[in-house]
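This document starts with one chain, in the form predicted on its own, laid out as structure tokens.
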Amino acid sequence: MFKKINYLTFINLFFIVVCTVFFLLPFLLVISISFTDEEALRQGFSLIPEKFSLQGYQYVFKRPGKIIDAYIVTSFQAFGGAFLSIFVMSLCAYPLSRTSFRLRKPITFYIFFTMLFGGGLVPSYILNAQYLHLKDSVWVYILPSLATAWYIIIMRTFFQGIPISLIESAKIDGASEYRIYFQFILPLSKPVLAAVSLLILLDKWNTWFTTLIYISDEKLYLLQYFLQKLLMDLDFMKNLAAEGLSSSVIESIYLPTESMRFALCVVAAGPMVFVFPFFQKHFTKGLTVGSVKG
């Protein structure tokens, strides 16, 4: 026997299905175009490749060594940077959540003040390049962005929601502050840690401006910057060929420009699509619980 479905529930389900379709269609279209022959794309786009081709991916992976280096550097700074950031920011947020800490209000205000004003690009470059000597170093991707004021406030708010009686009972049993932090606070804070970790991971994976400013060594290029540079080089070659300025690159007019653009999207975003499900369970709860309390 089928249960009767309330009309309001049916409307909600229908709305969710429609939204899901609208979210999936562009993603499927990008994948389809990346596997479509360049000549077929001139007639229009379709969800099913009219003429299957790997030309776009062949051009993207034309220099596999460099793109592998870009993947390694990007993965290291994204996952390693996210782990270190979570560790540092949670260590900062925990004492700020304790009412027994006398300096929590002025320190919280100081952290919040950094959200309103910044030093600017030139002072940041001078500090990182000349004083910290982070230029052409993989640590320039991690150390300057190790802590973010907004994430610290979210963690602090979440920690405040943990019953103080749990902490007091642990102290009565002789647990130190470090033991309380590692064995009680962190395990109970998985939702907010997962949510903030995902946001940091996405931000670090998609960054490219840091490479533009600080990095000249090709082995330290981030994936997004390397792919952007690859696309710019292709556009430059096609412009030269179209204007007849260089006969040596006239064959570049036939390069898979459109399919390569969408192949770049798949190569750049693909890993994060597989990472998100591992954080999805705690993502919404971590953001909502960490934002509604004072």
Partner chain sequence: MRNIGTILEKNTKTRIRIQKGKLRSIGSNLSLLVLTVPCLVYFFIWHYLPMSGLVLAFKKYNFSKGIFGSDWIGFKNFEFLLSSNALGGLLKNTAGYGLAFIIVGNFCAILFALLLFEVRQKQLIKVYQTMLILPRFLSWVVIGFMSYAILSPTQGLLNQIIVLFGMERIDWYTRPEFWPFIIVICEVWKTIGLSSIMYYAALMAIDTELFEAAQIDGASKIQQMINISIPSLLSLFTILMILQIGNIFRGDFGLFYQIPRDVGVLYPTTDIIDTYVYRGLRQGSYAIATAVGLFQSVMGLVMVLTSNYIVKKIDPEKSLF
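Residue numbers count along the first chain shown, from 1. By rigid core we mean the largest C-alpha set that fits within 1.5 Å across both forms. It should be emphasised that the depicted structure is a prediction, and the values quoted were computed from it without experimental measurement.
Below, we turn to the form predicted in complex with its partner chain, even though it does not appear here.
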{"query": "Contact of R42 with its partner chain in the predicted bound form (heavy atom, 4.5 Å)", "finding": "yes"}
{"query": "Its partner chain contact at I68 in the predicted bound form, heavy atom, 4.5 Å", "finding": "no"}
{"query": "Contact test in the predicted bound form: Q58 vs its partner chain, heavy atoms, 4.5 Å", "finding": "no"}
{"query": "Contact test in the predicted bound form: H133 vs its partner chain, heavy atoms, 4.5 Å", "finding": "no"}
{"query": "Site check S100, P123 and E258: each within 4.5 Å of its partner chain in the predicted bound form by heavy atom", "finding": "yes"}
{"query": "Neighbours of its partner chain in the predicted bound form among 192-215 [non-hydrogen atom within 4.5 angstroms]", "finding": "L202, N206, W208, F209, L212, I213"}
{"query": "Core-aligned CA displacement of A70 at least 2 Å between this form and the one not shown", "finding": "no"}
{"query": "Flag for Y225, CA shift 2 Å or larger between this form and the one not shown after aligning core", "finding": "no"}
{"query": "In the predicted bound form, whether the C-alpha atoms of P191 and F23 sit closer or farther than here (change of 3 Å or more)", "finding": "farther"}
